[in-house]
Each structure stands twice: as C-alpha cells, then as structure tokens.
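In structure tokens, the next block holds one chain alone, the form predicted on its own.
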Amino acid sequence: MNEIKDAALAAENGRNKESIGLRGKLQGIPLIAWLIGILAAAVLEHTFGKILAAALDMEKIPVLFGLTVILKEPVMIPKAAIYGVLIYGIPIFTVAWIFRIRSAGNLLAENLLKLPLIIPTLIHLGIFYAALHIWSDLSAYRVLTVKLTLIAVMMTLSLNVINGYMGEFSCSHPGFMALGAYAASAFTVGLFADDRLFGAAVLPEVLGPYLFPAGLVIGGFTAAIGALVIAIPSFRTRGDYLAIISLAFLFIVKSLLENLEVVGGPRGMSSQPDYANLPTVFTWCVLCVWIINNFVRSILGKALNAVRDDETAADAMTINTRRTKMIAFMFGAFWAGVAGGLFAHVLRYVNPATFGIQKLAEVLAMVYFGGLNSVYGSIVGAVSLSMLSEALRPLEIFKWIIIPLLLILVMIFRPTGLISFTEFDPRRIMGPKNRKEGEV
C-alpha cells in the first residue's frame, strides 16, 4: 500500500515539476522576444490574412481575433480558432521559443540594458508600435478601437492617481475629460477650421498639426483649473466629502455645457480637424504612462502614499498634506483633460451627454478591475475591459450583464483588483528573468 502511495506521490511531483519547468521556460523569455513574435504575427496577417480567411470560407479577416465572429455565428468557432492559431499562436510562440532555445533573447536583453535606459525603452516601444500599426492598418474599426483603448489607459491612470495613490474617491473625471475635450476643440476648430459656431479659420490649416499639442495642453490646464475649484473646499474636510462634491461638479459641468450655445449646447461641437492619428495618440499615451509613473515613484508620490495610509501621521512628519493632495488632484485632472482633447479629435465630435454617469462607471470599473496603486493594473484594466466591451458588442444588452458579473467576481475574489500595489519598473519588465529550471 505504501509503495502505491509513493508511486502516486512521485507521479504527482513529476507533473508539478513539468508544469513549473514549462512556466519557468516561458518566464525566461524576455519581453523583446515576445514583441518580435507579435510583430511577426502582425506582418503575417497583413500579408496572408485575406488569403487564409478566404481559404477558411470567412467573409473577411476577423477584426478582434475572431471573438466578434464567434459571438455572431457560433458555427464559425472552428474556423476562427484555426485562423487564430495559424496567424497569432504559432508565429508568436515559435519566435519566442527560438529566442528561448538559443538564449539569444536573454543575451539581446542583457546587452540592451547595458545602454542608457532610454535606448532599450525606445527600441521596445518602436517594435510594439510597429506591430500595433501593422495590425490596425487592416481595418478602420481596429484603428478606432486602438485609439479609444489608449485614451482609456490615460483616463484610468489619471484616476488611479486620485482614487488609488491618494486614497480618496473622486467622481469628477468625466467632467475633467469634458473640459479638456471642449477646450481643445475650441482651440483647433476656432483657429484651423471653418465652422458654423466659430466662423472662418483664423490661421492656415497647415499649422494645425504642429499646434495641436498646445491645444491638448490647454485642455489639460482647463481641467486642472476645474480640479482646483473642487480641491479648495474639499480638502479642508475629511471623509467622503470629495465624492459628494466631485459628483456635483460632474453634473454642473455637464449642465453648463448643455446650456452654453457658444459651444453648441446639447447638440455638441463638430468639425474637429483630423489631428489625432494613431502615432499622435500612441505618443501621448506613452508620455502619460511615463510621467505618471515617475510622479508616483517620486518623493511627492511617496508623500501621497503616506497621506493615504495615515494623514495624521503624515502631517506629524512635516508633510503638507493639503498641498500634496491638491497637487495630485490637479495632476490627475490635467491628464484627464488631455485624454478628453484626444477623445474629441478621434471622434471629431463631442457632446455633453458623452460625459455622464455611464462614462464615470466605465472609468471606475477599469481602475478597480485592474488594481489600485499600480500602473500595471491601470493598463491591464483599461485594455482588458475596452477590448472585452468591443468583443461582446454582438451580444447587445447581454454585454451589460456579463461585464458587471465579471466585475462582481473580481471584487469578491480580488478586492483590490487584478494587479494592485505593484511598482512599474521598466528594467524589470525588459530584462531577462534568470531563473533556474524548476524554480518558481
């Protein structure tokens, strides 16, 4: 009997060791190898995607990895699965495994990390953007989805600064986004477009793309001024007052824009120039991630964590708690305003109804789904929920049943989110994970 137990235990240990060994091998592949694999898959789809789709008797290339096709027509599941494996699965894992077997990936990553951090960062971002550009180039819908997802990352990160790192609960982010969207739109439409509200263009249209960043910064500062209006009365008190005041601010901004005919009133604003192309949105998203990550890792960011954990103790340690919270609040609002400016120029139309309770629920869901106090978590939450929302679009009303149920499960089993309280360190992400075989 003991021999049987020993044999079963040995078999179980062998399976665990095999599983850990495979996991260790996959974890030993550096990020650049995965990015090269993704780029290879994007090039393969761009070159042979239509041919393979026709061979599988599919009307067109699946726009979102075949998920929308599966939900519309379940009989297409085998074809979509074959397409996904041949176009995405095999190329990505083959390239990554080649780097793993020859140790070329680790050697490449080690050599890159010997250089100043900016160089390997730009190389990784360049490969990632190339893959993203080639993948999205096959469909206008893909381009729009990628743009809106990048803007969602900016919104989620900026709100996480307030609700996560500062420990307060703000409901005003759609209001900040609206202020940024309208301010940036007024700047570009008033100067570079012929519009029914603002009349003829003031400056030559050719200058528009070069001055567009100034319009986004103006939108960000407009949102920051709005945040200051909230911060002055709110941070004199403690508790849940910020949530109440910020929610009131959201309704005030929405009502104000609906009643201001100079910006279109309830009809909204249109005629925004097409300045928010994919490279522009991607660049601003990267800047947002980089600057917010540096902010939360700075001395001011550590002071913000101290205020969140124990405001009385932080005040006793000579931290100006009110000033720290006001700076963080305005900082988060600034990036929400920039995201709003990009949002208005991606859709080329902006309407007060867009920035209501539903937008607030979406952004809050992304923050708490991804994880508080984590740049990783904000990116994961924004990307996953944005893509999931688009993938479930064929289900129509049932989409708004599935996503809340998913959020409820996350709140039950992971109350702080999927990836919370995790520091975003570029060197740890890009560097090879030197683990021995079988080591977790």
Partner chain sequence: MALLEIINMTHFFGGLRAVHDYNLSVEPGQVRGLIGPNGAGKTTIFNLITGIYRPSQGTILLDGQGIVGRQPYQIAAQGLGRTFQDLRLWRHMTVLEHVKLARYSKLSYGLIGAFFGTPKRHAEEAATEKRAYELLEMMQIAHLSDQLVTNLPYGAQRRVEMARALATEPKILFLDEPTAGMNPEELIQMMAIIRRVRDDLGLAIFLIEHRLKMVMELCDIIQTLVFGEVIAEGTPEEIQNDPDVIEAYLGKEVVV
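In this text the structure is predicted, and so the values were computed from the model without any measurement. Positions refer to the first chain, counted from 1.
Beyond what is shown, the protein has a form predicted together with its partner chain; the following relates to that form.
Scanning 277, 283, 294, 358 against its partner chain in the predicted complex with a 4.5 Å heavy atom cut-off leaves one residue, 294. For the options 79, 254, 124, 308, the residue carrying a heavy atom within 4.5 angstroms of its partner chain in the predicted complex is 308. Residue 314 belongs to the set of residues with a heavy atom inside 4.5 Å of its partner chain in the predicted complex.
Within 4.5 Å of any heavy atom of its partner chain in the predicted complex lies no heavy atom of residue 425.
A residue is said to contact a partner when one of its heavy atoms sits within 4.5 Å of a partner heavy atom; residue 303 meets this definition for its partner chain in the predicted complex. In the predicted complex, its partner chain stays beyond 4.5 Å of every heavy atom belonging to residue 259. For a residue to qualify, one of its non-hydrogen atoms must sit within 4.5 Å of its partner chain in the predicted complex; none of 188, 200 and 203 qualifies. Contact with its partner chain, judged by heavy atoms within 4.5 Å in the predicted complex, is confined among 84-92, 294-302, 259-267, 243-251 to 294-302.
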